[in-house]
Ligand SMILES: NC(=O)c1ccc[n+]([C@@H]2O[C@H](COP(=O)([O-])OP(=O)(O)OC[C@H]3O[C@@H](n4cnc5c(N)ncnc54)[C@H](OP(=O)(O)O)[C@@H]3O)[C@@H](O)[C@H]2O)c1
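Starting off, we have a lone chain in the form predicted on its own, written out as structure tokens.
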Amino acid sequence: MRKIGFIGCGHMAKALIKGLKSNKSYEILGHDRNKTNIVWLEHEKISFCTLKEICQKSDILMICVKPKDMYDLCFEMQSYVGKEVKIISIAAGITLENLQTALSAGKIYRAMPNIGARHNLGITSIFSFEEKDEILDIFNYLGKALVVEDEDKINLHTSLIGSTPAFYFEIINEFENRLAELLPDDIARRDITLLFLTSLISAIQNGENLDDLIQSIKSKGGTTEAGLNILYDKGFTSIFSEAINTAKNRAAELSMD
């Protein structure tokens, strides 16, 4: 059984651990300095290790700390990491070259998963010059894994796949706020939201053209056209795309910090 050690057990690590727990090919270990996260590991029956222990016991290390903490952590890890251990960083903006310099040992990978991994519906981009089959197996178990040949695309993935769920959640949040104006108290807004989103997924799951779907709802001079015109006039799609570009640029900036 291969051992995967998680260093840093915040939100993204928790999602990855949740998704991997059902895979009996791996034993999961955890390390964190935050007491709340340590309690969570105990609750999930994940073995807690010191940094030295997790580096020495793990076949695969998943580094899930914030970019600002990455280099100090790598400095601590240097004396513990063997040359054959596979080290996966999910930190935005920290380049493969900088990771190799900071760690000076191990086989190093960059991976950008997203929160869908919690339910094995994640999308992950992977970049490395090392052999990738085992790493692909891990992230394909968590959803869908893609290999990118250009490291710059990791920054686009960070924004388009990693950050965009929060943009959608903001839209859904406003949708639910408006539902409160419509629904009786005994009907849960979230139930309606789930039914509504399921209907959207059903509409696109067979590859239907989105423009055709829009036209099927919109009639000339009708309510849908009136609402869409506001979105178009306000530049909704441009704003959305600008948000993606801003997040992408911030990922690039992090590599310079």
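Just so we're clear, the structure is a prediction, and the values are computed from it rather than from any experiment. The first residue of the shown sequence is 1; numbering continues from there.
Below, we turn to the form predicted together with the ligand, even though it does not appear here.
Exactly one listed residue, out of 126, 91, 85, 117, brings a non-hydrogen atom to within 4.5 Å of the ligand in the model of the complex: 91.
Only one of the listed residues (33, 45, 52, 190) places a non-hydrogen atom within 4.5 angstroms of the ligand in the model of the complex, and that residue is 33. Stretch-level contact check against the ligand in the model of the complex with heavy atoms at 4.5 Å: of 107 to 115, 147 to 155, 130 to 138, 171 to 179, the positive one is 107 to 115. In the model of the complex, the ligand lies farther than 4.5 Å from every heavy atom of residue 41.
Of the heavy atoms in residue 5, none are within 4.5 Å of the ligand in the model of the complex. Residue 11 belongs to the set of residues with a heavy atom inside 4.5 Å of the ligand in the model of the complex. With a 4.5 Å cutoff on heavy atoms, residue 58 does not count as touching the ligand in the model of the complex; it lies far away. Every residue in the set 64, 67 and 73 has a non-hydrogen atom no more than 4.5 Å from the ligand in the model of the complex.
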